[in-house]
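The data below hold one chain only, encoded as structure tokens and taken in the form predicted alone.
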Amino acid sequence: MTTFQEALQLVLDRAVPLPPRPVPLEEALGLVAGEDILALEPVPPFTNSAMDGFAVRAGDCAAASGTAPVRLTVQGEIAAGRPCAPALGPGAAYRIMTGAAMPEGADAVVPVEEADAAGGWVTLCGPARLGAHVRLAGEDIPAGGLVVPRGRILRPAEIGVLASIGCARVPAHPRARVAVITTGNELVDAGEHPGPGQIRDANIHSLAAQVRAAGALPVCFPRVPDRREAVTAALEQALDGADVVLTNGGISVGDFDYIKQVLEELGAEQVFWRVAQKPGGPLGLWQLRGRLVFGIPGNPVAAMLMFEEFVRPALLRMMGLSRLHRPERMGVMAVPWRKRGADGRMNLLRVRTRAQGQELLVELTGPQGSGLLSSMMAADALALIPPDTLAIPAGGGILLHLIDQPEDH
């Protein structure tokens, strides 16, 4: 069987970033810039007032004081959004609003709280500093300046700056569209009452939520019955409209497990099938028509863990991100742990952690059966037990993936 590390590398080798394309600015949050974005004009585009007050010539007010105030003629009023006013003459001032264009000749703004205006005059009792409360054209971003470098994640601040330079469509790696297909005659929707031998389909919802949490777009298919023709039709449709296909269930060697057979009939290249890990041994990866197709086991915990460890990093790479993996830390076991026997597999344990001094203490979330989905709610980390490790004593070291924290490498 393929080892855990080999399988992950094979996945990442084939997860090619999606080509950048223009994305509407309102849809770009969290995406990655696909190229350097330059400012075609300065920000702000013109010199303007940073305060409500009076636009003045600083030299006219240099000698102003409480005992020798300076009186200036109010030449007019300049509101924000209006055309630039005529040049300011010597010994005069303009009443000006925040954001309004500074008139030629004015080089400072006196806040309205520091002035006394009446009868067409304004009296100043202190000097105005040259450039005070004035925002210069290009002060924030010069024309031709690099605004967002290629590879930068577009956060709210980047979105705002891009709007300020008039970038209404952003060249970015798009969100991956992920087809999610669950298979099984026994499955019913969450809102249905299961009949004899039936269970509610939790996996379609947990996997779709994981896709969204990774920043990608889930495309959920109706549950597919265990019939070869139904599986074929679902895969054909998924390949037409998605960048990645996730199949869930039907991947093992049972009489009604058709995913692997149908993929082979469609001409898919098998990258690997079966991984030396527990849970998730039947995990498979194929390439077909330029798409990655993941065959994920149907057990609920195995499905979520396989997404976390293999699918999520692939989606992040496809969307242009460079940090693909959760933080890795070493923890210490609070109680002893032992395998039932040598199995040659990487074991993934659901655990919760708590800080104790300088150490990260690790406890199992409870029984580790791959059908116990509620155990995932209590887990904030996965413990990776190497294939050749049969037991870990209390206080023994253990490698952790901190699944509640953002990727750091």
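Everything numeric in this text was worked out from a predicted model, so none of it was measured. Residue numbers run from 1 along the displayed sequence.
Although it is not shown, the form predicted together with adenosine monophosphate (AMP) is what the next lines describe.
- Within this chain, residue 199 lines the site of adenosine monophosphate (AMP) in the predicted bound form, having a heavy atom no more than 4.5 Å away.
- Adenosine monophosphate (AMP) is not drawn, but in the predicted bound form it has no heavy atom within 4.5 Å of residue 85.
- Interface residue remark: residue 186 is counted as part of the site for adenosine monophosphate (AMP) in the predicted bound form, having a heavy atom within 4.5 Å.
- Looking at residue 299, you'd find a heavy atom of it within 4.5 angstroms of adenosine monophosphate (AMP) in the predicted bound form.
- Contact annotation: adenosine monophosphate (AMP) lies within 4.5 Å of heavy atoms from the stretch 200-208 in the predicted bound form, the single such stretch among 143-151, 156-164, 200-208, 236-244.
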